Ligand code: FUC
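A single chain comes next, written as structure tokens; it is the form predicted on its own.
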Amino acid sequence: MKRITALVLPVFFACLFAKAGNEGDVALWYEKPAAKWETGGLPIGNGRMGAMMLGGVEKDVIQFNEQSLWSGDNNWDGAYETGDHGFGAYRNFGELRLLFDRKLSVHDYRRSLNVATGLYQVSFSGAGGHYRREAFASHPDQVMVFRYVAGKEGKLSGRIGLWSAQGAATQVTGNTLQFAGIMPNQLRYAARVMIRHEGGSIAVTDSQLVFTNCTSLTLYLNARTNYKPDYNAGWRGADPLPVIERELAAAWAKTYAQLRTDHIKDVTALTGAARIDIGATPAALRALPTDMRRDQYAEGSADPDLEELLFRYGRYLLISSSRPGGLPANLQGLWNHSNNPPWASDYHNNINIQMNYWLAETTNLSACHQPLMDYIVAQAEPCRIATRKAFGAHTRGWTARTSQNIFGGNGWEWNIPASAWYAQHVYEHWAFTMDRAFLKSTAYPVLKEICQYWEDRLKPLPDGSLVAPNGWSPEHGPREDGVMHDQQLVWDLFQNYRDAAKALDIDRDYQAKVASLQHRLAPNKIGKWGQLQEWQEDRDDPDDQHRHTSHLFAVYPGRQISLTRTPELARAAIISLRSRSGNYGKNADKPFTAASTVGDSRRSWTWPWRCALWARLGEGEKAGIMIRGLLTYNILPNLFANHPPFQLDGNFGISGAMAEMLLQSHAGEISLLPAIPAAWKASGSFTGLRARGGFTVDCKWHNGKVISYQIRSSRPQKIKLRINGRLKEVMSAKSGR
């Protein structure tokens, strides 16, 4: 047995993972203010509350959100409606607007977002010297802070306004602006801004604050609703304004330096928990602004540091939009400037919300996964009601429609295996953390109840096998029995239940029943042209390039099909994936490139799923091409993923997919570098990636071969490790924390 020596990095150095001397490796930066919110704004967020920073010089508009500001209401009867009294939508909270009196001839402008520290900064030179601005969204203090500092000889004069996107009137008193209102669905909301200034003066004029000859301004913003994630409480809790007042008072009592330090300590503990190094970009290219680097990359330039930044950005966005105690990240994460956003900026459970969290466990952000667990539990009762209404009064368990809001509302088509896919996340949270208390109190009850739904629902065929009835290979096929997407999800659910029950050593009779049901499930099939079939009938089209790859769930994020355990099915999955990518049938002779994937397959969330699928299938080159495709065709200048329109599942998903290229643990072993492209092979490393079983893994490689690694866990354990083409047994080291 080989014992691995743990490498424990001091927390102090958690944020110092950039290559020395270039902020561009951990920051998005630009030479101009943002021209448009969606394509140029830079996001800050504390999990609950966020803002988009545009960086205007004479007029600075800060658009902000709070994750629970939703129109619509309790819509658990299964109807799909729009408007304030139906399904509703995630809403724009408002804007903070600063208009500066002084006209400046600006030069040396720089606008940046550091995704290691969560600090947004603007600097420029003009009359009066060098001007600086800084902003951050503090999770420890639950406020957003915006600071403006004048040049050495300059002064800040102008007006500050606070605007509600829901029609509430703004009140101004002393150094404070605030508004409060009630939505048509009786959801209460409020926002308050407090301003501290150095030098000069502040006065009230026409619902605005006028500042004159100040050397600095510091603005503290908080916004909340009275939403409560509790069906039995009618989804309503305490009035938001007293909570806002307490949190602002506590933040006001601290110095700016204290707030900033506490924020950085909180954020870097998460951003520094995992990192990757997949190569070095030439210095001249690294020195370019982010939008120019993206353009160069789209033209074919190699820029591994930009790919690393995309990985870090996905983690930053999840940290900023999903923290314990809050709601999960929605289709747009947290950031929305519309009262009628695409797809209501809701929770789509046929791929999107799941993809939002593919990076959570593997990239060491388990705490950020918790809001999804809490959402699943909170939505269960209204989903039970909707399920019984749709499928019979005596139906056990629950499932959901494709679209969900935060009030138990189910909209659009029924996605019947939705709850099984949710259950996978609940199980995976346990599998990575080994949190036995969570397994017993949360994961196991959810898994068992959803198994009971499928126990009652599965339909026997004449040969005795079981199929999921009336399924839909999402957004692709008609409703019919036994679509492979559903079969695979139910298999995965049953396996996850069996593993959970075995770990707890409970319900042995039900374990046996579920094992029997799983054994009887109609299996995956290989079709006439060698493909993994999408339907029970062998009717797949080899020239079909539909964006969904639903019948490949069993490869990723499922675990039913793998290269080592089911090689024939894995080979069939490769053929299916080639077909979907336009590299089969009449296009079989075309080179496999990002450009060859066209039309419907170019979606921001499609590239990450296919990247992860190719990674699971051991195809590193093709996985790398998916990264290039996403950055080339579906990434905006501010690196937001663009479906179109913009939605952030692509950002979250690609970070998870890149982790899968470097480390896998789904097939009963830890596999190092299972799918890296040639461009990454020269030398590289990763630290802090996670494997199932509670393991944290570091690794270094040279010429595509692992040269050192460390595997840590809470106690030493035997592990099957696949490394440099060999499978061996090693012992993990005890974690130092």
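Quick note: we count residues from 1 along the sequence shown, nothing fancier. Since the model is a prediction, treat every value here as computed from it, not as a measurement.
Omitted here: the form predicted together with alpha-L-fucopyranose. The next part is about that form.
(Q) The chain here is shown without alpha-L-fucopyranose. Which stretch in 492-500, 347-355, 523-531, 277-285 comes within 4.5 angstroms of it in the predicted complex, by heavy atom distance? (A) Of the options, only 347-355 has residues within 4.5 Å of the partner.
(Q) So, residue 323 and alpha-L-fucopyranose: in the predicted complex, are they within 4.5 Å at any heavy atom pair? (A) No, no contact at 4.5 Å.
Q) Would residue 331 count as touching alpha-L-fucopyranose in the predicted complex under a 4.5 Å heavy atom rule? A) Result yes; residue 331 sits at the interface with alpha-L-fucopyranose in the predicted complex.
Q) Is there a non-hydrogen atom of residue 605 within 4.5 angstroms of a non-hydrogen atom of alpha-L-fucopyranose in the predicted complex? A) Yes.
Q. Is residue 547 close enough to touch alpha-L-fucopyranose in the predicted complex, meaning at least one heavy atom pair within 4.5 Å?
A. Yes, residue 547 lies within 4.5 Å of alpha-L-fucopyranose in the predicted complex.
Q. Using a 4.5 Å cut on heavy atoms, which of 262, 239, 475, 538 is close to alpha-L-fucopyranose in the predicted complex?
A. Result of the distance check: 475.
Q | Heavy atom within 4.5 Å of alpha-L-fucopyranose in the predicted complex - the one residue of 643, 628, 254, 197 that qualifies | A | If I apply the 4.5 Å criterion carefully, the residue I get is 643.
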